[in-house]
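Just the one chain here, laid out as C-alpha cells, in the form predicted alone.
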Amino acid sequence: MIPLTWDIVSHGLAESGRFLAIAVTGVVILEGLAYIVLHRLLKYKYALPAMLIIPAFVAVMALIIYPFGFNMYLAFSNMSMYRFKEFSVGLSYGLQNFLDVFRHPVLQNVTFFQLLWRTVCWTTVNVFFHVLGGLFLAILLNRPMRGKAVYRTLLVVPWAIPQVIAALAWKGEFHYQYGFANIMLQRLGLAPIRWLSDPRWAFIAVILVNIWLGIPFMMVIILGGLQSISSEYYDAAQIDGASGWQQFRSVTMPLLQPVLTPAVILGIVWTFNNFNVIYLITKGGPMEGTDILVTSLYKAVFEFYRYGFGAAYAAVIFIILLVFAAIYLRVTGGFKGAWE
C-alpha cells in the first residue's frame, strides 16, 4: 500500500483546485451566454429564473442523464476485456446480456435470484432496525431532559464517521482471536464465533455494522419531524382521554408520515445499493456468502471485466428500485400533499 505523503496530498489539493477553477469558469461563461441570449437578444420575461436553473440543468445532464444513457448504450453491446476498443452494439447483444443476468451465475456460483433474495433480506432487516432504532431514540430526545445536546452529539457520531473508517474498525472488532465481539462473548462464557470466515455469521456481522451506521440518520430525520408537530394536538388528545399509545398511533405516526416516507425510501435505496460496508469488511466473501446485487455488479465489471453484461445488470437493478419506489409511493401516498 502506498503511504500517504505530503506530495500526494498537495497533488490532490492542486487537482481539486484545478477542477474547481474549471467548474467556476464554465458556470461564469454559461451564465454570460444565457444573459446575452435570454436577456439582451430575446428580452425573455423570465430570464433571471432561467439563468438560475441552467447550471443545475447542465449538471444534471452531465452527471445523471449522460451516464445513464451511456450505460444503456453499453448494455446493448458485447464490450468486455477482450473487446474493450472494438466492441459491437446491437439488439441481439442487449437481449443476450439481459437474459444472461437471469439465466447464468452472475459471479462464479451465485445466481441473480439468490443475490436478489439476499439483498431483499439485507435491506429489509437494516431499514426495519434503522427506523425502529431511530424512532425510539428520537422520541427519547424529543422529551425534556438535561444534557440533551450532548446526547444528540454522541448519537450522531456513527453517522459522522466516514464509512471507510467505521467499516475497517468494525472489521477488526470481528477478528476471531482479538476482536471485541469474541472477547465479550468469551467473558460471558460463550464460545467465540468465526464472524468473517463463516458465510452466515459474516452476513450477520455486516448487517450489525450497517444498523449501527444507519440509525443516527433516521434519528435526525424523525426528530426533526417530531419537533414540527404542534403540542396542541397532544393537549387535545389528553383532554379527550387518549393514552400514550393512542396519541402515538393517532397523532404522532400520521403526522410523521410526510417526513418518514421519503426517509424510508432514501434508506431503502441507500441500503439496497450499499457497497462500502460489505466490500470493506468481507469483500463479498467468504464463498460469495455476503455478496448482494451491487457488490456482485462491481465484481462482474471490475474483476470479471464483463462490461456489457454489467451495464445490463445495472439497468435491471435500477428498474427494480424504480418499480419499488413507485409502488411504495402509490401505496403510502407519501407525496400526496405535494400534488394537491
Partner chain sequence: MQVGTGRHRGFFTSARGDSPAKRLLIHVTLILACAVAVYPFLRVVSISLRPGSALLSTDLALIPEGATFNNYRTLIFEKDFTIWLWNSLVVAIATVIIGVLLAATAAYAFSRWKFPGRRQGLVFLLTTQMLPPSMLLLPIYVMVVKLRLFNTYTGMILAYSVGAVPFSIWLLKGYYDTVPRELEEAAMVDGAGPIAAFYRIILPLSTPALAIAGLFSFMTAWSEFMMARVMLQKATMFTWPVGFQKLLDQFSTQWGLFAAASVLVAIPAMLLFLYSSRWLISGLTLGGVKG
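Throughout, rigid core stands for the largest set of C-alpha atoms superposing within 1.5 Å between the two forms. Numbering follows the first chain given and starts at 1. Being a predicted model, the structure only gives us computed values, none of them experimental.
Below: the form predicted together with its partner chain, not depicted.
The stretch in contact with its partner chain in the predicted complex, judged by heavy atoms within 4.5 Å, is 160 to 168, chosen from 160 to 168, 100 to 108, 196 to 204, 113 to 121. None of the heavy atoms of residue 78 is located within 4.5 Å of its partner chain in the predicted complex.
Remark: residue 228 counts among the residues lining its partner chain in the predicted complex, judged by a heavy atom distance of 4.5 Å or less. In the predicted complex, its partner chain sits within 4.5 Å of a heavy atom belonging to residue 223. The closest heavy atom approach of residue 238 to its partner chain in the predicted complex falls within 4.5 Å. Although its partner chain is not shown here, in the predicted complex the stretch 278 to 307 places heavy atoms of 279, 280, 283, 294, 297, 298, 301, 302, 307 within 4.5 Å of it, in sequence order. Superposed on the core, the two forms barely differ at residue 68: its CA moves less than 2 Å between the shown form and the other one.
Comparing the forms between the shown form and the other one on their rigid core, the Cα displacement of residue 35 reaches 2 Å or more.
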